[in-house]
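This document opens with one chain alone, in structure tokens, the form predicted alone.
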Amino acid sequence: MCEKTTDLELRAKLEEVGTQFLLKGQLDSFGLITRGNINTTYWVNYKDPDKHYIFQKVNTYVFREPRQIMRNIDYVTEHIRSKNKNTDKCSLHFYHTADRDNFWFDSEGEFWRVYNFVTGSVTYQISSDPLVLYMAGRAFGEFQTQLSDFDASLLFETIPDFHNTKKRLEKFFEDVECDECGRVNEVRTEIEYIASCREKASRLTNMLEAGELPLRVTHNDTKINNVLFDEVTKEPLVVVDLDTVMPGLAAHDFGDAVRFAANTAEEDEPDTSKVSLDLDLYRAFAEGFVEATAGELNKAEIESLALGAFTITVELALRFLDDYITGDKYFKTKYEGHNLVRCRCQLALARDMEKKFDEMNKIVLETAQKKLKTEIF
């Protein structure tokens, strides 16, 4: 994941970045962090004093409004830091320039930021350990709870209509009707299934529009590899990768984490017989998340969490299929038909979730009742 380098030109650039962010001491060692497909990330060690940082060059092709993203990050991280003040909890801190910006454009127009390196931490790409899933659920739940009193309307919408499933469905069926690549006939079964659950998959959007669910500050990329864990105790230390923090629904954050972490297969597994929802891993994540949020989420939100898992899974499936029938323009693919394989995998997971939905919902509600010590459901 980390590669040490002695590149003199890169050293000079990193020294320049450090100067802009008013870092004290002398740059000692540095290297590339190879995890991540969007931004370019380096670990950087300073001496006198001995300090460790993350330097990141942000991909402005993907993130077209980096200033607004960094404003979001500043709002969120400073709010959490104020909550963690005088505690031993870890917080992300993005350093500022002399102009009080938490970003800097270099002479080539590259966009840089610097934040603290969390020592003694480890990440997991995937895990079959229920303890790790429980801790990840707790981490994302605590992230939500710490921001429960923050006005989500102050945040820039990084990706407009990101989880507007109803709108995505409308576009999908328009593209089916158009059939610009002549691929629709080979995917009729998948289209019919998506059509059959259109109402259910649109329910969260309808509830938001009706004012039944509140907008909250949501992470929107709740994979477990975006949690730093203590490498010894597996306690969650901090949630990272905040580029997609924006207003959203608690159910979407919960659902995306479940879709990724509790699937028994990779999200592009071609053999759909291997795809299912692992209820033990689901329970572990749900217990961590609900225990951390039950005191903040309202009754409707708690009741919507299991639906969030199904909704996000269908949403991603239709995004893969939409990309396939329109010529594979959005998602990177490794081979012909990759997006179709991804779609079928997600639909297999969605079908399994439908079979297990009552149990999924029961796990959430029982955990909430146990935490709140009241029969409100």
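Remember, predicted model here, so these are calculated numbers, not experimental data. The first residue of the sequence shown is number 1, and the count goes up from there. Here the rigid core means the biggest group of C-alpha atoms that line up within 1.5 Å when the two forms are laid on top of each other.
The next section is about a form of this same protein that is not shown, the form predicted together with a small molecule.
- Of the candidate stretches 45-53, 22-30, 347-355, 316-324, only 316-324 has residues whose heavy atoms lie within 4.5 Å of the small molecule in the predicted complex.
- The small molecule is not shown here, but in the predicted complex it comes within 4.5 Å of a heavy atom of R259.
- The small molecule is not shown here, but in the predicted complex it comes within 4.5 Å of a heavy atom of E267.
- The small molecule in the predicted complex comes within 4.5 Å of no heavy atom belonging to F105.
- Contact annotation for G36: at least one heavy atom lies within 4.5 Å of the small molecule in the predicted complex.
- For the options C178, A210, I159, A98, the one in contact with the small molecule in the predicted complex, meaning a heavy atom within 4.5 Å, is I159.
- K223 is the sole member of R113, R203, K223, R138 with a non-hydrogen atom within 4.5 Å of the small molecule in the predicted complex.
- With the core held fixed between the shown form and the other one, R216 has its Cα displaced by under 2 Å.
- The Cα shift for A348 between the shown form and the other one, taken after rigid core superposition, is smaller than 2 angstroms.
- Superposition of the core reveals a Cα shift of less than 2 Å for T165 between the shown form and the other one.
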